[in-house]
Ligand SMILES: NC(=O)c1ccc[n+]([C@@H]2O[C@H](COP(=O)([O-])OP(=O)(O)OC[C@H]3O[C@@H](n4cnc5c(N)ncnc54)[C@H](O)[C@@H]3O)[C@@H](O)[C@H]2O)c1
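A single chain comes next, written as structure tokens; it is the form predicted on its own.
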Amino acid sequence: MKRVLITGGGGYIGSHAVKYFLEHQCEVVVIDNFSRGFHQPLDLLKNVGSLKVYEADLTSFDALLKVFEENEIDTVLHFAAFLSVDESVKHPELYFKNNVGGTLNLLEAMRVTGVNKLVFSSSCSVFGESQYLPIDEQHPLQPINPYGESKLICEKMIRWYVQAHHFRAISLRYFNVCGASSDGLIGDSKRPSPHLVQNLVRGAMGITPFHLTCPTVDTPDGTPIRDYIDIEDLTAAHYLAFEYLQHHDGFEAFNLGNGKGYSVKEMLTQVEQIFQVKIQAEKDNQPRQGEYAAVYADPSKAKRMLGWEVHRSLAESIQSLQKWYDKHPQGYDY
């Protein structure tokens, strides 16, 4: 049985990855400082399989080293990171210290203990403004905010470790994530969530008012166009990347998305149609900074090399969120 280390396993995406890997007969070790993640999904997931949790910070090398020394890790899945574009513009120092510094410590702990397989949680933000659509892996890397820059710096560091220390690594550049687990066990508990679809569903259900936080951009309806990928499709891609690394050397990057772009207003209309309600969208006086106009993926490389396919529709993602928020309108119990 393979043992994987998942950093940031208490977060939205990380906890779904923990669930998926446990269900696929892996032993899972989690490290999370829980500053933005949650204990509750991991407490629930201890009933699914072999799960060990460490409360520690990646910026502490000694704490990281302890985790590696106490566990025979086969592969690392690295999710732990700050992820707000707007916050990164206002406080870039947080993003370089946490995202870049934490990743460097992780790479060093892996090197020292002889662990050489890594799946890195990257982002489409490494591309910046799209020069053509859809975006493939050859698109220029020109991030326009500190969050995207921090992810790109991490990718570059990983490439050098692959070259110098014979690491095997995959960078998964995903687009906008939505949805919750099909069984309703876990979901997105951030309040407010940085994810549009989650906030739209909460607005449609009357849990919290929906605020239009996006700036006016150069698109047909003036709102940003994004590619929305379901959380369960995303975690399946991480498992396929994990399997790929068992037999392949070097570094690869893959774009993960549906391959279609939807504007914020189009998503608003779709959620309204599913819920048969009119969402009162309140315009925020201070729109988010560092946003770009349009971006959506060409996921053909992931399909060709990993055998990855998108299975859940946007409607199914929205319905899974409805199921989650129906039981947990305020997220996990505190």
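Given the structure is predicted, the values throughout are model-derived calculations rather than measurements. Just count from 1 along the sequence shown to find any residue number.
Another form, the form predicted in complex with the named molecule, is not on view; read the next lines as being about it.
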Gly11, Asn33 and Tyr147 each touching the named molecule in the predicted bound form (heavy atom, 4.5 Å): yes
Candidate stretches 174 to 182, 85 to 93, 138 to 146, 260 to 268, one within 4.5 Å of the named molecule in the predicted bound form by heavy atom: 174 to 182
In the predicted bound form, the one of Leu77, Val201, Ile170, Ala80 near the named molecule [non-hydrogen atom within 4.5 angstroms]: Ala80
Proximity to the named molecule in the predicted bound form, single hit among His211, Arg111, Lys190, Arg159 (heavy atom within 4.5 Å): Lys190
Partner proximity in the predicted bound form: Asn98 to the named molecule, non-hydrogen atom cutoff 4.5 Å: yes
Contact test in the predicted bound form: Leu306 vs the named molecule, heavy atoms, 4.5 Å: no
Exercise: Cys26 in contact with the named molecule in the predicted bound form, heavy atom 4.5 Å: no
Interface membership of Gln40, the named molecule in the predicted bound form, 4.5 Å heavy atom rule: no
In the predicted bound form: members of 115 to 154 within 4.5 Å of the named molecule, any heavy atom: Ser121, Ser122, Ser123, Tyr147, Lys151
